[in-house]
Structure formats: structure tokens, C-alpha cells
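Next come C-alpha cells for two forms of one protein chain, structure 1 first, structure 2 second.
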Structure 1
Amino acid sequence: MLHVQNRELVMPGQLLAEGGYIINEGAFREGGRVYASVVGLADIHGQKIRVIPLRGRYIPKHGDIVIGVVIDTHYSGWILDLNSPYVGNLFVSDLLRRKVDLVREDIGQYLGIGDVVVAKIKDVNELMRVQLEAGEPSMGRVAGGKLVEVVPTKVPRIIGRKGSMLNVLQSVGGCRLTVGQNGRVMIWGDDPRRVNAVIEALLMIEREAHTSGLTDRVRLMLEKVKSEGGE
């Protein structure tokens, strides 16, 4: 039996449902009852129940694409800051996708401290030690562009349903974007005005993530900048 409506704002400890629901995230079970554990929006899909969090830190998850910043190097790789309580570890072999003779090769030529890297989370163990890989063509060190940080819980809104919001940002905004699940977004574009417009749009999405018709408002805003561009 459900005690909340879909998309209702719930508080920690609020009773969501009774019975055999499957909990996705943001909730917990106690004596056959399901309670919310965070402030968020209840999202019910059949027997699946979850609370979409509105705030919170990024917690690394297997398979996520993230944008990290190199904070340290070690003998065979780098430590990356992931905008999270946990740092990521990237080995040279996971960056170059080949065996590396560490005696003959200086790995400093591939990455240095302060470099921004697009990577995928290869593995997270129970101690939350994070292994990264960056072998795919779209990954690795980032050159140029702008880096923007948003609240990680708003990332799904920036991507939109089936990437709709991201499509608008890229096509109407005239920029190329890479969105990391950890709340970092890379933007590349030729026109600095349009890049700034996309940044504005990202901040607007962050502010108004819970409102409807946001994609259209973002499109409108970017189109305005686009049409002004010729002057």
C-alpha cells in the first residue's frame, strides 16, 4: 500500500509504502515498511520505489563517466579528485590500454598534476577504493574548453530524458559538452559568448531543476543568444 503520491516531496523518516516494494535509492525498509531516508521526490514505478535526492555528494558507482582532476602521481599512475568523498586511482595501463614498461617510460608525459581527465569508473570495492579507466577514444586528458561544477544530484536533469536537454544545449548552444556523473561538465565552443550562454543555461538548470517545461526555456534562452550572435 502506498502512502505517498508520485513526485511528492518527502522528508527523512516519512512512511512511503507498506509491503514488498523494491527499493532503488533514498529509502530504507523497517519491519515491512518503506521509509524515505533523504529529502527528495518520491518516484514510483510499479513495484519499484525510489526517492530522487535533491542534495548530496557524488558517490562513485561502477560504469559512471566522471570528470576528474589529477591531484597526485604515483609510481604507476595518478590520483584524481572526483568531487566526491573518495578519490579515484588511474593506472597508466588503463589510460593507454597497453602494457607500459615503467623503467623505460616516464609516465609524466601523459598526465600531470592539475590536468582534467574524462574517465570511467572501472571498479569500486567495499572500502570505496575507486579504480578508473580512460582508454576509450572520448576519454583521457581534456584539452581546452571550460569546466563547470554543478550539484551532482542535478546531473540527470542536465542530460534530460533520453538526452533531450543535452541535445538542446549542444545543438542550439553551439557547443560540445561532456557531462560527468560527478557534477562536472566540460564545454567546448568557438564563440565565447555562446559558451557563456551554455554555462548560464547549466546554472539555470541547476537552480530550476524541479520545474517543468525547463527544456523549452533553455532552448528559448540559447536561441536568443544565437540570433544576437551576428551583430
Structure 2
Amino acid sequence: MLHVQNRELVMPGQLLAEGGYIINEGAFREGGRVYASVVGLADIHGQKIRVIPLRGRYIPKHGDIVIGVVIDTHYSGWILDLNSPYVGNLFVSDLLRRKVDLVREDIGQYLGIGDVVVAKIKDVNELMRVQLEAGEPSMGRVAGGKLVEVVPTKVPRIIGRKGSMLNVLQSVGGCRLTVGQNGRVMIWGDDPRRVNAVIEALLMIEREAHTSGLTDRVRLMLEKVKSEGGE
């Protein structure tokens, strides 16, 4: 039995449901009852229930795609800020996908302080030491583009169900996006006006993630900017 509606705002300790529901993040079970553990939106699909937090820092998870910024170097790699309480460690071998002679090669030619990097979380141990890898074709140092930060918990809304919102941002917005699970988005586009419109759309999504009809509102906003450009 459900005690809340889908997308309803809930508070910690609030009763969500009774019975054999499958619970995910943001909820916990006591006996046969399911309660919210965070402030957020109830998300109910069939027998699955979770709470999408409205706020919160990014906690690294194995397999996540993230966008990091190089903040330090060491003998065999770099330390990246991940928009998180935890930093990421990227070894040069996990960037280049080959063995590197650290005596003969200057790794500074590959990455430097301030560089933006798309990477995947390779491992997170019990001490929250995060190891990254960035050797796939779509990963590594980012060239050009604009970096935007949003609240990490809003990333699923930016992507949308089956990528629907992301598709609107790219196809109607006329830009290419890479979305990191850590709340960072890289945007590339030839028209600065349309790039700025996509940035405004991202901020709208961040503000209004809890509302219905958001994808249509974003589409209309981007179509208006597109038409004003004479296309």
C-alpha cells in the first residue's frame, strides 16, 4: 500500500509504503514499512520505490563517468577535484593505456594543473580512495567548450528518462554535451548564443527538477532561441 504519490516531496522519516516494495537509495525499511531517509521526491515505478534527494554532495561510485579538474600532480599521475568531498587519483598508465617510462617521459606533456578531464571511476576502496581511468576514446583531457556545475542530484533530470532531456538539449540546443555524474556538464557549440541558451536550460532544470512538463518548457525555450537566430 502506498502512502505517497509519485514525485511527491517527502521528508526524512515519512512513511512511503507498506508491503513488499523493492527499495533503492533514499529509503529504508522497518518491518513491513518503507520510510524516506532524505528530503527529496518519491520515485515509484511498479514495485520499486526510492527517494531522489534534492540536495547533496557527489559520492563517487564504481563505473560512474565524471568530469574532474586537475589540482595537483605526483610522480606517476595527477589528483583531480571531483566536485566531491573526495578527490580522484589518475595514473598516467590509466590515461594513456600503456606502460610509461617515468624516468624518460615528462607526464606534464599530457595533463597540467587546471586541465579538465572526462574519466571513469575505476575503483573506490573502503577508505574512499578513488582511482580513475580515462583511456577510452570519449575520455581524457577536454579541449574547448564550457564547463557548467549543477547540483549532482539533478543529473538524472538533466539526462531524462531514456535520455529524453539530454536529447532535447543537444538536438534543439544545437550543442554537444558530456554529462558527469558528479554534477559537471561540458558544452560545445559553434554559436555562442545557443551555448548560453543551453546553459540557461541547465540552470532551469536544476531549479525546476521537481516540476512536471519540464522537458516541454526546455524545448520551447531552446526553439525560441533557435528561431531568433534565423534558422
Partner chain sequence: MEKPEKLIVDGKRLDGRAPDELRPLKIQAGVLKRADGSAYVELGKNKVLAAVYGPREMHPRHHQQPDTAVLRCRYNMAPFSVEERKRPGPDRRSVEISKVAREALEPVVFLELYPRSAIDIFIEILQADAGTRTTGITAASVALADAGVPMRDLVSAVAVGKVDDTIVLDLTKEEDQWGTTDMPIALMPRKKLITLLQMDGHFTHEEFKRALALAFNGCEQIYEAQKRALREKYSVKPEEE
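Quick caveat: nothing in here was measured; it's all calculated off a predicted structure. The term rigid core refers to the most C-alpha atoms you can superpose between the two forms while keeping them within 1.5 Å. For residue numbers, the reference is structure 1: its sequence is counted from 1.
Check your understanding: Looking at both forms of the chain, which one is the form predicted in complex with its partner chain?
Key -> Here the form predicted in complex with its partner chain corresponds to structure 1.
Practice item. Verify the C-alpha shift of L166 between structures 1 and 2: is it 2 Å or more after superposing the core? Key: It does not reach a 2 Å shift.
Check your understanding: Under a superposition restricted to the rigid core, does T215 display a Cα displacement of 2 angstroms or more between structures 1 and 2?
Key -> Shift of 2 Å or more: no.
Practice item. Classify I44 as shifted (yes) or not shifted (no) between structures 1 and 2, where shifted means its C-alpha moves by 2 Å or more with the rigid core superposed. Key: Yes: I44 shifts by at least 2 Å between structures 1 and 2.
**Study point:** Core-fitted comparison between structures 1 and 2 - CA shift at L9, Å
**Key:** Once the two forms are fitted on their core, the shift reads 2.4 Å.
Practice item. Once the rigid core is superposed, tell me how far the Cα of Y21 moves between structures 1 and 2, in Å to one decimal. Key: For Y21, the C-alpha ends up 4.9 Å from its position in the other form.
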